[in-house]
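Just one chain follows, in the form predicted on its own, and it is written as C-alpha cells.
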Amino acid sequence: MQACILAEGPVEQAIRTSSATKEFPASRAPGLIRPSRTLAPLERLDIYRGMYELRLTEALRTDYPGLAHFLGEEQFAELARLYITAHPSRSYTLNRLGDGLPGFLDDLEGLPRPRLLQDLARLELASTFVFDEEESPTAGPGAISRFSYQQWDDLRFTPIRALRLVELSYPAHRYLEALRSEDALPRLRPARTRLVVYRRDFHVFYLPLSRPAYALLQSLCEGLTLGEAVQAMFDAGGTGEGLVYEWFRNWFTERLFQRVYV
C-alpha cells in the first residue's frame, strides 16, 4: 500500500512499479482490498493516494501560511504539487518537508512579485526552525556586570538556540504579523529589512534591526568577541555608545542570549 501511495501516475501504473511488485504481483493487488458497494478495490486505494498528497499540501500550508494566503488556495495547491513532485517526503516527520521551498521558488517562473514571495518563504522557514528548536537557558542583564570593563572587549555571547537572523528585500514580517492578528494586510514596498527571528514563551517574534545593530548581533552570533563585533558595527555605519547600550538592554530583555563568557 505504501509503495502504491508513493508512486506517481494512475493507480493502475502504481501497482506495477518495481517497489510495489516486490511485495505482490500486480495481478494480485486488486485482491488485497475488498470492494465497497460503490467503489472497486483500486478506486478505494486511489482515495488514499489522493489523501497522501493532500496531507503533504496541508503540512506545507501549516509551515507557510503567509505564502499560502498571498498566492490563494488554487495557486498554492499547484505550487505544493510541483514542490512535492520535485522534493518528495523522505522522513518519518513532516516538520522539515518544506525546507527546500524557498530555494525551489528561486527557479520558478511566472510567480507574482517573486522577490516578495521568496522573502515570505525565507522568513516562514526561519520561523519554523525557531519554533522547533529546543529551549535554551537565558542570561539576564547582570551577565555582563560581573566582568570588569577591561574584559569587555574579550566577551563572547552565546545566542539562544531558537534564534535566526534574516536579511530581506521586503518587510515581509509586517505581512505575517497582520495575518496573524487578523489586521488589514499592508501593501508592501521594497525596503531592505534585517530581522531577528526568535521564540519566547512559545511564541515566535520578529525584531527589526538597523544595519549597524544587525552587524553587531550577527558578529556576536558567529562567535566573535565584543570588541570585534563593535568594529563590524562601525564598519556598517554605526556610531555612539548610547545606542549600543540600548540595543543590549533590549536584547537581554527579549532573552536572546544564553551565556556571556570570556
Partner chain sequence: MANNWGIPDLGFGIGLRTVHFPHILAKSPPVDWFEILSENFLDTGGRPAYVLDQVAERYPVVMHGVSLSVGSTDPIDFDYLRKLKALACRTRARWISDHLCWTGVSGVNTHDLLPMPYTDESLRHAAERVRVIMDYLERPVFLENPSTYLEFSESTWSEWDFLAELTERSGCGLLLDVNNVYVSAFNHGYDAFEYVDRIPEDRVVQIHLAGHTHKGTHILDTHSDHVVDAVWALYRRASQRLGNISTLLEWDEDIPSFDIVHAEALKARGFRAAPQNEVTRATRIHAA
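Numbering follows the first chain given and starts at 1. Since this is a predicted model, take the numbers as computed values, not measurements.
One more form of this protein should be noted, the form predicted together with its partner chain, which is absent from this view; the next part is about it.
Every member of the trio Q2, G31 and D132 reaches its partner chain in the predicted bound form with some non-hydrogen atom inside 4.5 Å. Think of it this way: in the predicted bound form, its partner chain has a heavy atom of just one of T85, T93, S145, S181 within 4.5 Å, and the residue is T93. A heavy atom within 4.5 Å of its partner chain in the predicted bound form is found for exactly one of A26, L39, L207, L224: L39.
Residues within 4.5 angstroms of its partner chain in the predicted bound form, judged by any non-hydrogen atom, belong to 51-59 and to none of the other stretches in 51-59, 230-238, 64-72, 213-221. Contact check for S89: a non-hydrogen atom falls within 4.5 Å of its partner chain in the predicted bound form. Although the partner is absent here, L45 lies within 4.5 Å of its partner chain in the predicted bound form, judged by heavy atoms.
Its partner chain is not shown here, but in the predicted bound form it comes within 4.5 Å of a heavy atom of R199. Looking at L6, you'd find a heavy atom of it within 4.5 angstroms of its partner chain in the predicted bound form. Looking at 160-189, no residue comes within 4.5 Å of its partner chain in the predicted bound form, counting any heavy atom.
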